[in-house]
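In the block that follows, a single chain appears as structure tokens, in the form predicted on its own.
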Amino acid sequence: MTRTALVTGAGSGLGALAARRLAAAAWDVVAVDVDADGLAATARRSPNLHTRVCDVTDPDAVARVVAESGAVHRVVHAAAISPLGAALEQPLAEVERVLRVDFLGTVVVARATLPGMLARGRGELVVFSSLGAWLPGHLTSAYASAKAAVNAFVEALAVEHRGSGVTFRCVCPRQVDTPMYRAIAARHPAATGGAKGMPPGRVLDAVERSLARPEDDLYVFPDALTRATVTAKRLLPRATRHVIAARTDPHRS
């Protein structure tokens, strides 16, 4: 049986690698992004990888892509933006755009794809969030807020559709070595804590392992450092906030 995957944010970074990996594993892949050139690069030499230029914040456009794709067995929703700015200074239009792309884009994609999975009684909805949703730092208020909303939304979906046969995963990596992160780190080296991004392949490996685990295993923390950081936030919230604040202070020497 042909399996179809819909991958958003497939023009670069995690989305592009996820699309290529699925295509190499004989999935029929529909790769979505607003970046036509990036999609073309992702699809090169992959005859079973089909590209669609589409804005995930446009419900009609996403619905058309899903209708053209047929039954979707796995969704990998990686589309996101992350411009940095101080909480009281970041332009309101930019904050709204982050919320529209990162959070409302997730809602739009889920609403377009999940009903078909529920009707068939099977499917996988994999959504990328961030460690930043659990531990906001300097200049990340819009991005962290949007990703925290993503966490809450996916958790609500998992509660509402428990036992449906659909598997939900909310992936929360620390910094990932993608073109987007490298650009942010170049502009704001202190605010990113000087951290080197983890390899995207390691994140996707963790996702694949998680899909073999029980349905209720909702959150995916891809490496030991990410898991330790989330645990520290739960057990020692004040100390952890102080560490993150110090490490991401753009004015630190």
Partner chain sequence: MTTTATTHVIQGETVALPVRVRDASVASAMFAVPAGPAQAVIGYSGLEVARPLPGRAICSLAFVRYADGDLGPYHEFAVAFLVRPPGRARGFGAFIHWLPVNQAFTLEAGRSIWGFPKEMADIPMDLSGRIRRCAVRVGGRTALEVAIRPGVRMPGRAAASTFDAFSCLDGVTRRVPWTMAPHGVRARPGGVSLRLGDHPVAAELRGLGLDRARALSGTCVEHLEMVFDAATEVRS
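The structure displayed is predicted, hence computed values, not measured ones. Numbering follows the first chain given and starts at 1.
What follows is about the form predicted together with the partner chain, which we do not show.
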query: In the predicted bound form, Ala23 touching the partner chain (heavy atom, 4.5 Å); finding: yes
query: Non-hydrogen atom contact Asp217 with the partner chain in the predicted bound form at 4.5 angstroms; finding: no
query: Interface membership of Asp205, the partner chain in the predicted bound form, 4.5 Å heavy atom rule; finding: yes
query: Partner contact for Ala232 in the predicted bound form: the partner chain, 4.5 angstroms, heavy atom; finding: no
query: Position in contact with the partner chain when the complex is considered in the predicted bound form, options Arg64, Arg213, Arg187, Arg44, heavy atoms within 4.5 Å; finding: Arg44
query: Segment assignment from 64 to 72, 46 to 54, 30 to 38, 217 to 225: heavy atom within 4.5 Å of the partner chain in the predicted bound form; finding: 46 to 54
